[in-house]
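There is one chain below, alone, in structure tokens, taken in the form predicted on its own.
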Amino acid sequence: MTFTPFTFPATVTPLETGLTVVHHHMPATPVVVADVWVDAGAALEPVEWMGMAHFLEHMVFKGTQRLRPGMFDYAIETQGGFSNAATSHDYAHFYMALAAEALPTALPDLAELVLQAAIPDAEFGRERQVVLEEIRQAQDDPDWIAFQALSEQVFPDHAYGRPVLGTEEVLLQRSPAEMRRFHQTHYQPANMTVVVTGGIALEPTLDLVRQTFRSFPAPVASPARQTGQIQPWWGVRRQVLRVPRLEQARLLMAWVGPGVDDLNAACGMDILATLLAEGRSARLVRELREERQWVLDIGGSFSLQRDCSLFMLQAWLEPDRVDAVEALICDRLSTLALQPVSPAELERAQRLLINDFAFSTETPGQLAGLYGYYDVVASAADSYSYPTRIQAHTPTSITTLAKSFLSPNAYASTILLPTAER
């Protein structure tokens, strides 16, 4: 398989303040996306402040001394745009999409929200109820329950095992003053990347960012973060949870994979996930769903994270099939570690992943997300090395990765079963 290498099309500019700007001019589009990425995810929280990063994401939109709650959203929406935010263990980010000519008016407000969040006491109490309801809704979702339980198994001594949403018990003890300290500690220029993609040229973008991202909060100290350690283990960590009103059982199996410090290996893990569980011709899909019909569905994923990553297989199935499916998966992983995949099978996986990459870099929003995430956890330019890294893998390298990271003798599994009827 041959392909034309992708060239990194954006410009990365470190500003004098320490802030990084990533810009990609797309002259054919009248739309622009501005996305502010902050190295202030849940992994930076002390345990006693668990959930603070996500809660702060909500409170940023509650205004500043000048912008009252709701003013920013109203201004964006009346111009036909939209805004939103998200938080993970490794980052928080705040973005908006709107007509390019509206950016000079809207970006100062977004910068003010992110840098000068007032975190008013009255809004803190009201928004905490919104976050608590979000936690309750998550706890009613069987797939969230399974994934969170699995994460705690895989990362018992690391922040990746703690829920990004936090817990009701911890959040009820938090105060606006503590959140302001977290904000002032982490929302600093060296921790921040502003990504602008779409129909605006580079120089006007840099001028605008310099003008608007100036008033950073005065830095203060917060309690020391407790990220913890990721410890390898041998053996199977297996747990079975009973969930009421569950129609189908879930089987989740997970292994620790390489982090951003080894992107070549990480890309190879993406190939393994595709070989095993992406599409009807993938090994486990074909055998377990199409031929044996032991599962309703099965999927695989590799989640790249800063400290280390998570390789996961998830099946939806009848409860009496769980043990057999888990044993078969382990057997097939043993085979994968001993017998190299065929060149044709590898080429199929590489083609799927490279095509997916191409399709995911077509819009300003997709590009802003790609650049921002990579710039927080690695570097923006690394994002466009993905196809080349995928293409470089061979049957031998894939076999080596399977042997190194997907041991059938060292993994975690979480099983959800329906509550036994009386």
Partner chain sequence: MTSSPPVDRPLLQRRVLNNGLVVIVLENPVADIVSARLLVKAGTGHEARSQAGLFSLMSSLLTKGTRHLSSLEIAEQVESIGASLGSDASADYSLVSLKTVSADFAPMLALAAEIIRYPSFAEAELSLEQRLTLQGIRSMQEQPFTVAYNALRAAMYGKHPYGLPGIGTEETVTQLTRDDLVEAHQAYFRPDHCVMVIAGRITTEVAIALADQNFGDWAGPAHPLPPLDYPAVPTAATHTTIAQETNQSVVIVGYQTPSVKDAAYAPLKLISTYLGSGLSSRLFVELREKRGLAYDVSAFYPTRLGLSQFVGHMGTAPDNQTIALEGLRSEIERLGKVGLTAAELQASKNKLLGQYALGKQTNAQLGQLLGWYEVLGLGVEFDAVFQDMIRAVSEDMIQTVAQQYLKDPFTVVLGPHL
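Remember, predicted model here, so these are calculated numbers, not experimental data. Numbering follows the first chain given and starts at 1.
Not pictured, yet referred to below: the form predicted together with its partner chain.
- Interface residue among 176, 299, 259, 142 relative to its partner chain in the predicted bound form, by the heavy atom within 4.5 Å criterion: 142.
- Of the candidates 279, 343, 223, 204, 279 is the one whose heavy atoms come within 4.5 Å of its partner chain in the predicted bound form; the others do not.
- Contact check for 80, 247 and 352: all three have a heavy atom within 4.5 Å of its partner chain in the predicted bound form.
- Put simply, residue 363 is close to its partner chain in the predicted bound form: some heavy atom of it is within 4.5 Å.
- Using a 4.5 Å cutoff between non-hydrogen atoms, residue 290 counts as a contact of its partner chain in the predicted bound form.
- In the predicted bound form, residue 31 approaches its partner chain with a heavy atom inside 4.5 Å.
- At least one heavy atom of residue 348 is located within 4.5 Å of its partner chain in the predicted bound form.
- Per the 4.5 Å heavy atom criterion, its partner chain in the predicted bound form is contacted by stretch 279 to 287, the sole one of 227 to 235, 279 to 287, 213 to 221, 188 to 196.
- Residues from 82 to 112 that approach its partner chain in the predicted bound form with a non-hydrogen atom closer than or equal to 4.5 Å are 82, 83, 97, 99, 101, in the order they occur in the chain.
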